[in-house]
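This document starts with one chain, in the form predicted on its own, laid out as structure tokens.
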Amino acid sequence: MADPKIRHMKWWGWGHEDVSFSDADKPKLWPYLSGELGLEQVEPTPPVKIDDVHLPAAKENAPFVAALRDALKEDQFSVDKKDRLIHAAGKAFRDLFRLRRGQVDFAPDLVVFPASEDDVVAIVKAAHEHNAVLIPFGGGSNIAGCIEPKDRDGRFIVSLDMCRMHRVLAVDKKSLLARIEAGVYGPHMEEQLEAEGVTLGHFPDSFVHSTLGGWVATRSAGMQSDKYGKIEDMVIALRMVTPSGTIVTRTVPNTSNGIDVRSLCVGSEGILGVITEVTVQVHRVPEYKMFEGWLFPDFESGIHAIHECMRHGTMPVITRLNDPGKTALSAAFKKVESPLKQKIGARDEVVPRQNQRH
């Protein structure tokens, strides 16, 4: 794919293929692991080579493929080994453990890349008529095994990769609404929104490697949910393609009559249909951002501080309270500090308690 905004994660782990983890600049990491887990420092075990991975043979469904060829371009479907492998599993620990060892029990028979809602309609129609299973695929960051089908009774399995549907279609700056295609990755979406002076304000831990459609389908929460809410609070309307037709909900914040179809679609995990477009509530980009870290003498004091912020209506956009164990782990991942920072840190440690900010 030529579009630089479309980059799948490496097939065997988190992150892009040109991104790797190094402990060379983290001198406190292995002493921490040794003390907590009794581990000796070892060199990481590399994953097996892709040539050594054996995939299950791809099944055939000639009528389905013929229907796709009539509706799509040649570069919109693939049986390439790497494409099948990327779409074979999520990113849970059990997935990565097996992938790195070359243990692949499932792989889709075909990977399809729709570029429009019309493409999705054609694909869903063909799958319904020719008994194929569709598995919607966003960024592949699923950690609940949802990419693998439970029923493997010989049916043709298709991974429906939404990554080519990645445009912000329109931004209404008066009502602060944005129409966005479901396959857009978090950073690319925010880049397009910020060019219009707005933000969605949804930043889950998987933000870099997940899509808007995936957030809606899984009822996602983000790190700024204290201010902006969860994804279901942001969705105003959506479009979902099903075998029986396309569900289109109205672009109104709330309704007082009838079944709330929008809420049925949000969190549906791809079971009811394929989400193709979402209208969301956006917000103007803040004039400035400020991040601060605070240390409390104990966990209970931190909880009390958060309660006070909530009661006084001064809740930050992001609030994260770590217990001593998580704080120690974070400190173990710190990189080597410059002599100046080390000196400043040492000075901060001896500031009298009565002079510290709380």
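Numbers for residues come from their place in the sequence shown, where the first is 1. Only a predicted model underlies this, so the values are computations on that prediction, with no experimental measurement involved.
In what follows, reference is made to the form predicted together with a small molecule, a form of this protein that is not presented.
Give a yes or no on whether every one of G138, P204 and M223 sits within 4.5 angstroms of the small molecule in the predicted bound form by heavy atom.
-> So, yes: the whole triplet contacts the small molecule.
Consider the chain as shown here, without its partner, and state which of V133, V248, I143, L264 has a heavy atom within 4.5 Å of the small molecule in the predicted bound form.
-> Looking at V133, V248, I143, L264 one by one, just I143 meets the 4.5 Å heavy-atom criterion.
Quick one: from V274, M189, M234, A178, grab the residue that has a heavy atom within 4.5 Å of the small molecule in the predicted bound form.
-> Here the answer is residue option V274.
Can any non-hydrogen atom of R164 be found within 4.5 angstroms of the small molecule in the predicted bound form?
-> Residue-level check for R164: no, no contact with the small molecule.
Verify the contact flag for V112: yes if a non-hydrogen atom of it lies within 4.5 Å of a non-hydrogen atom of the small molecule in the predicted bound form, no if not.
-> V112 lies outside the contact set for the small molecule.
Considering only heavy atoms, tell me if H209 and the small molecule come within 4.5 Å of each other in the predicted bound form.
-> Residue-level check for H209: yes, a contact with the small molecule.
So in the predicted bound form, does V158 come within 4.5 Å of the small molecule, heavy atom to heavy atom?
-> No, V158 sits far enough from the small molecule in the predicted bound form that none of its heavy atoms falls within 4.5 Å.
Only one of 209-217, 282-290, 69-77, 166-174 gets a heavy atom within 4.5 Å of the small molecule in the predicted bound form; which is it?
-> Checking each option against the 4.5 Å cut-off leaves 209-217.
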